[in-house]
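Okay, so here's just one chain, in structure tokens, the form predicted on its own.
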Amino acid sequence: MSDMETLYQQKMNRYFTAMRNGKPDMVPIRPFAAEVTAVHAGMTCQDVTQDYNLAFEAMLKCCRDFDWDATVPNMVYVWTGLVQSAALNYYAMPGVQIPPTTGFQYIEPPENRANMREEDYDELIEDPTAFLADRWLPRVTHTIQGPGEPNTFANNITLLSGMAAMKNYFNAYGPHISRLRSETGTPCAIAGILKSPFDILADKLRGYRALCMDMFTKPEKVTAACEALTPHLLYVAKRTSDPAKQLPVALWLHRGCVPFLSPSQFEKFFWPPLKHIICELWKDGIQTLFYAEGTWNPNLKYIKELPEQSIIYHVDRGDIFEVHREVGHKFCLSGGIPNDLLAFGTPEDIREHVKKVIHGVAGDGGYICDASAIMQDDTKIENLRTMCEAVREFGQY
């Protein structure tokens, strides 16, 4: 066995043990590092967004230079080539619509031009796949025609080039993950695709503001739409998950946190279909990385309902020490190192906070160190390095 393969196995065992809420040899480091990789590699946001090979190289450099136990192969997940080939209209790209030093942006449409109209609920509920192909896709592109509209050359080229771009992009990940393993000994941190049914409605279909009104004016339609999306999202999560069932399916949560939803709205619309998906995945031995963006501590009573070890609970703006007291006995925790501290604090601030978090939540294992949220280009490299060094200093068992 090569030295890199030995290192890979050590890190994979460390990461897996912690995710199952156990105590490995030391606290794992698993940074979700996006545009910060470009900063470290001397690139811009435009570089790593418009050329995914540069994004891959930036991540490889970070894995060589920092002692990471696992990472996402490319957290700058939007590639300009795919966006432009598919003529998508809901992204703003660095160096195109926005400055080259700004990370890509998601553009939420105005309420009167939502990608799903108020009158579309029944069509979505009856057949979500048909709705996405017939209604949603023509609305989120500049050139794809809907049913009954005349075919065009631009329509055909967009479909062909979009499919080719997606195939090329996703097929590039396998060789890149192999390079992470063979050249740096670093495991891939996640596998699988999952979103909350409510977040699909809020992010990509109705938009958040329109959905807020729908919860009051047509609550039964919102509930039925979430239920209709649930089996499709569960199917995709299972089909894209890790066959070895070592890596978790990643679930980035957007609209369920305080103050987006009231407790009664969360309990009625957001939680039931998501809980069902997570429980069904765990029945097959598939963990979910519950990436709780924003403040989720008021919802911890619902998180407690999930089966033991079924999730890795990632803490963003919540109080990680309260999370540890409430659910740390059931689930591995990750995160808890504030992004504003990594951006504006000093190395000593970082060192002391890492020490505090490790001593407060990692004593019995079940903790993975990471920033509170995805690290973009405002993270100071010196602070990132200090975070990693402090974990090795204070995180030995």
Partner chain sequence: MSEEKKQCKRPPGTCLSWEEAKQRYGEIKGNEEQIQNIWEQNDAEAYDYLWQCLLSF
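Keep in mind it's a predicted model, so treat the numbers as computed, not measured. Residue numbers count along the first chain shown, from 1.
Keep in mind that the form predicted in complex with its partner chain is missing from the display, and what follows is about it.
Contact with its partner chain in the predicted complex holds for none of Asn89, Arg139 and Phe270, as no heavy atom of theirs lies within 4.5 Å. The shortest heavy atom separation between Ala130 and its partner chain in the predicted complex is within 4.5 Å. Using a 4.5 angstroms limit between non-hydrogen atoms, Ile107 is distant from its partner chain in the predicted complex. Although the partner is absent from this view, Lys195 contacts its partner chain in the predicted complex, with a non-hydrogen atom inside 4.5 angstroms.
In the predicted complex, Met163 approaches its partner chain with a heavy atom inside 4.5 Å. The chain is drawn here without its partner chain; in the predicted complex, the stretch among 182-190, 169-177, 290-298, 312-320 whose residues come within 4.5 Å of it by any heavy atom is 169-177. Contact annotation: of the candidates Ala210, Leu281, Cys257, Ile200, the single residue with a non-hydrogen atom within 4.5 angstroms of its partner chain in the predicted complex is Ile200. Taking Leu233, Leu253, Leu261, Leu247 one by one, only a single residue has any non-hydrogen atom within 4.5 Å of its partner chain in the predicted complex, and it is Leu233.
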